[in-house]
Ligand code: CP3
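As a starting point, one isolated chain is supplied in structure tokens, in the form predicted on its own.
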């Protein structure tokens, strides 16, 4: 098996820097768009055979070092009984806004939705046949609470802020309930066979460091610690939250994902090189020229020299407008330059 991704996360020597791309199975691929014309997004996430097809689409085409399960971070909220729609972005028509709303949240242990995800993972492990490792994932409790309270995306995030600062007791009760559901989701994925997991805290950047320590970090830490006995690598990624990097450095993880808003070298310094780093090319660079992609990628590889370990990725998900040939150029550049000692 190509296990350089797993070895890099264990801070072991690799022949070249491993690379995968967040949202690597998705809208920039014509084969994905063709499939999406016949099936809705939620169907792709919940019908195991379709999930497998989408997950595998970029692997051979781009030569990536890991596959990531095609799913959505809102699966635990749906498993708890909240209605989730995609129009095309996520919409929760009946959000959680008060303590009385918590009674609408159900338990998720053994739920059919998690069972379908687990079935897809089993099929994927057989299809991959050891070719590359499979990554599972979930949204962190604070991020899922933000969606549950806002009812979708937002510009001001006033509803979640009102709950956090106007009724923190209810906010913590909601975070506790979501943490249980997220942990159940990750345990189901691990039992089904994923070989690494990433916890996405996509909205943690809304919080300053002290509030990050109140509302986000404790719940992420609890989940990451609870799956430690599984013996697989754990990655934590909180884009836009570089002000909280010092608060992240003792999380029970093997790697911290870094977004493009902070130089990788600075992130390493602030993390004190306690973990492997993952990232952090600006996704927008892949909309430019091959020469620009190569130059910026080479710069990140230089910044990773001497790191405890490094997994190359974008600093966030690949943009839908990205030409496939540019994604391929990125992967090829990482392998070529790091294989030539460009990271040494």
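The shown structure was predicted, so the numbers you read here are calculated from the model rather than taken from an experiment. Numbering follows the first chain given and starts at 1.
Keep in mind that the form predicted together with ligand CP3 is not shown, yet the notes after this line are about it.
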May I ask you to state whether residue 90 is within 4.5 Å of ligand CP3 in the predicted bound form, using heavy atom distances?
-> yes
Hey, in the predicted bound form, does residue 202 get a heavy atom within 4.5 angstroms of ligand CP3?
-> yes
Any non-hydrogen atom of residue 212 within 4.5 angstroms of ligand CP3 in the predicted bound form = no
Distance check, residue 336 to ligand CP3 in the predicted bound form, heavy atom within 4.5 Å = no
Looking at 271-279, 297-305, 62-70, 284-292, which one sits within 4.5 Å of ligand CP3 in the predicted bound form if you count heavy atoms only?
-> 62-70
Of 136-168, which residues get within 4.5 Å of ligand CP3 in the predicted bound form if you count heavy atoms?
-> 137, 147
